[in-house]
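Taking the form predicted alone, here's one chain by itself in structure tokens.
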């Protein structure tokens, strides 16, 4: 049911031209994705998706929307090549899932090798009683560092984009020149 809601939301996002509605539906899309992650027992990923996807991204997009037009201009001619690329890539991804074990299968490789090792040895090897913390901070430490670096870089990029000076329009430049005090001899104001 959640995947159905996700598909309907994605189709609505593609079809709408009102950018405010697109931003709001993007937040809903992220919340539905977070719900799917909770259903898959990935609560940490769901929390990140809800905070970053539905929270921060929506705020940044609303801020950006204040600097742009309210509606999207659509091209008059629809090009089939992007749709074909998405269709082929999606088909390849779906084909790749046929070799995956069924969700929750106790004979899957992850349940035979990786998970038992973490459960049995993480407390002894890392010294942290919480298994999730030991996995994220120790076994997958470089991965977590990479994720934090990406989020930090994206945040700095957004701040630079939003904090930059906007170019003045012709009328604003003329008014700013009139308000600027005239300089006297020696470069000092009178």
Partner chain sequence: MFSVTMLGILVTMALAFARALMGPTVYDRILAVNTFGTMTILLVAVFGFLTDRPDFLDIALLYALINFIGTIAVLKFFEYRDLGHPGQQNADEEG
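Computed from a predicted structure; not experimentally measured. Residue numbers count along the first chain shown, from 1.
Keep in mind that the form predicted in complex with its partner chain is missing from the display, and what follows is about it.
- Shown alone, this chain has one stretch from 118-126, 155-163, 28-36, 136-144 that lies within 4.5 Å of its partner chain in the predicted bound form by heavy atoms: 28-36.
- Among residues of the shown chain, residue 151 is not one whose heavy atoms approach its partner chain to within 4.5 Å in the predicted bound form.
- Mapping the unseen interface onto this chain, residue 132 falls outside it, with no heavy atom inside 4.5 Å of its partner chain in the predicted bound form.
- Using a 4.5 Å cut-off on any heavy atom, the residues of 3-30 that reach its partner chain in the predicted bound form are, in sequence order, 5, 8, 9, 12, 16, 20, 21, 24, 25, 28.
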